[in-house]
Each structure stands twice: as C-alpha cells, then as structure tokens.
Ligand SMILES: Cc1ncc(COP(=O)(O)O)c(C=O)c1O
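A single chain comes next, written as structure tokens; it is the form predicted alone.
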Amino acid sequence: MSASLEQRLSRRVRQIKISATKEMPMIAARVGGCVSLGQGIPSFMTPPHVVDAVCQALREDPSAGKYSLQPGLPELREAAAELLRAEKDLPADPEREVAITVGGMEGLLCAMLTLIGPGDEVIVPEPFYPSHVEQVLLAEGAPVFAPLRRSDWGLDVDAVAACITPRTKAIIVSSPHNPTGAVFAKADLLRLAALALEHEIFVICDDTYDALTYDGPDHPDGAFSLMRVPELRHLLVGVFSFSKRFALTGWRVGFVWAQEPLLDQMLKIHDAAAICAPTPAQIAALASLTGPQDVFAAMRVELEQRRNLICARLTAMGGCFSFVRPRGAFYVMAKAEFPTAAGAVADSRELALRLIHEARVITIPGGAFGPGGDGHLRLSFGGAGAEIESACDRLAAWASQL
C-alpha cells in the first residue's frame, strides 16, 4: 500500500488487521499439500433435513429468496427464544428481545458499535479471540487485557477487577473459550457478575460454543452462562451462533438477545450494516432448531472423540507439547517444548510458518491471541479424525528431527 493511500484511510481501518486464523490458511494455500489443524470449522456437512427444508422453501415459497423482516423471521425468533428459555432459564420475548443476525460476528459488532465509542475501555480476557479485539478497535474503543490463569486458562476475576477504571464500559466473556477450550467455573462467573453490577459494566456474552462441552453433562460447572443471572440482564448482551453447534458456518446466521431498549439501538446498526440476515440461511437455522436433534448430539459426541484423539497424539509426542486438556469448543492451546538447540524456534508465528513450509501442517500461532498465547499453537480438532491423524503424524515426524 502506498504511503499516500494509507494516510487517507480512516484511523479505524488502519489500526485493525486480518487475523492469523485467516492468514495461515492463505499462506498454506500458496504452499500447497497442507493438512489443517487451523481454522475453526467443524467438518460436518449441513444435515439433510436442513438442506431439504431450504430447498423446499426456495421452490414453493416466493418469500424465501426475499428480505425478511429486519429483526428476522418471526418463527425463527420464537424458536430462538424457546431455546433460551429451555437452556438458559431466560424468559426471552421473541418480539422485543431477540434479533437474527448475519452470524454471531455481526451480532457482536452490533453490540460493540452500540455500546462502545472513542476512549471507552473494554476488558478482554487474554488469550483472546482476535476478532473481539479488532471489533473494539473498530468501534474506536480501547481493549484492556485481563490475563486468564495460566495453570488452567480459568477466568481470573481479580485480574478483571484490577483492569476496571472510570472509562471501563464493557467486558467480553466467552465460555467455552476460544482459543483455549476452557470452560469457566460457575463461581468465577458469578463473581464477575457481581463485579459488573457493582460498577455498572456491560457484559457481552459470546456463547458461540455453549453446546460444545465434554466429559459428561454432570461435570462440575458445565457450561454455565451469565444469561442465567436475572439481576444482570439489564447489562447483558447475549450473542449466539448457528455455525458451530449446527454445522452452519457458511450459512452466516446467528442471533442476539438484549432487553428491548438496548436491542432497539442495536437494530439501528443491524439495519445500516446488513438490513437482515439472508432469508435462506434463516430457514436453515429454523430447520436446525425445530427438526431432529439427534444429528447434532452425534456431532458433539464425535467432537469429544476427536478431542480425546488429539490429546492422546500430543501426549505421545514425548514432551514436544504441553497443554491443558480442553473441556469445550474444539481447540487445544499446545505449548511448544522443543529443545533449545538447532532447529528451535523464536516465537509462535515463526513456529507456525515453519510447520506450514516444513511439515505441511496448518496451525495458528498462539501469540495472535495475546501475550499469554506466545510460545503456543492453537490446534483445532474440528476436522475429521483422518485429518487429525495425518496432521499429528506430520507434526511428530517433524519434531523428531529437531
């Protein structure tokens, strides 16, 4: 880019960047022959009953290819509200408190641009999901990083409290967590809720991975959501996605919940940015919520098996990687423990690039997720078991040469 063009661009676009989760696959595509433990895409096809519902609607319903109402199809909002009532004990009003968005990402952006302005601070637990930080910057706010506990990637509420200033406007919470796969403890989340209430801080709950937890339904803490705390709801925005839970990543559909006065303001952003979510995608989301659920339960079981597989393979590499076993999402933050001899790497980006060029394996450098991630690689186990096996074979062979 020429210096003259860069000077003419807005400050907001100059201070954001493409995330490493997109950059590494792009580099690998130029190299060729790579297998991926990189981008967070579950391998599952769109379920047949969802495909059938969309095809039937496109053939038979003239409105299926047109704009929907700006907040979304009424029947989809009702189904989303029912999901919140059943899973979050949240008596959601589908007419006034639920809106369908272009994926969870647009829902997050609507919340961010509604709540955050120049100079507002947003507390982001770190390691972080890079798009959270880029959206804060896009809103011309200032991200403030609160380190997670390094021992288990748990939420450190004392670290959050230490970040609060008179300029603090919001905190972002994501559990199960991307990139670490941690599931935050209920006790820590309740302490965070009390802190938010004390200081009147908004909480943006990114519940993208809320259905993807492992080790059994009765595991302590489960995937507790702050949406379950009634006293906090006037300060809450809940963001949900159909991408991971329902294998609809390419359909770009999600939804948000907020109390009516706040949602009304968020809908201004939604209207200016997108008008409405794509109607065929909304039909797919409705079929996912109201159709057979056994296929989605089977997906979660398969992801747990893939979690077990990648953890076993990493352990078998003889101390090349250390990691905290993830309890949710489909990511492992693996710390490189290679010997500091010839072939050792200086940082996580250098390591990820070497793995692409030398091992033909796509990983995401942990440093892209904040200081706590440096020295780590984020590995996704969203891919099929054969791809995980192939990638781990290549990693083990490459590491054995160091």
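The structure displayed is predicted, hence computed values, not measured ones. Start at 1 and count along the sequence shown; that's the residue number.
Another form exists, predicted in complex with the ligand; not displayed. Remarks below refer to it.
- In the predicted bound form, none of the heavy atoms of A196 sits within 4.5 Å of a heavy atom of the ligand.
- Looking at D206, you'd find a heavy atom of it within 4.5 angstroms of the ligand in the predicted bound form.
- A residue is said to contact a partner when one of its heavy atoms sits within 4.5 Å of a partner heavy atom; L108 meets this definition for the ligand in the predicted bound form.
- Among heavy atoms of H132, some come within 4.5 Å of the ligand in the predicted bound form.
- Contact with the ligand in the predicted bound form, judged as any non-hydrogen atom within 4.5 angstroms, is confined among 138-146, 288-296, 98-106, 223-231 to 98-106.
- The single contact residue among H270, R77, R307, K244, judged by any heavy atom lying within 4.5 Å of the ligand in the predicted bound form, is K244.
- The partner is absent here, but in the predicted bound form a heavy atom of S174, alone among Q282, T114, S174, T213, sits within 4.5 Å of the ligand.
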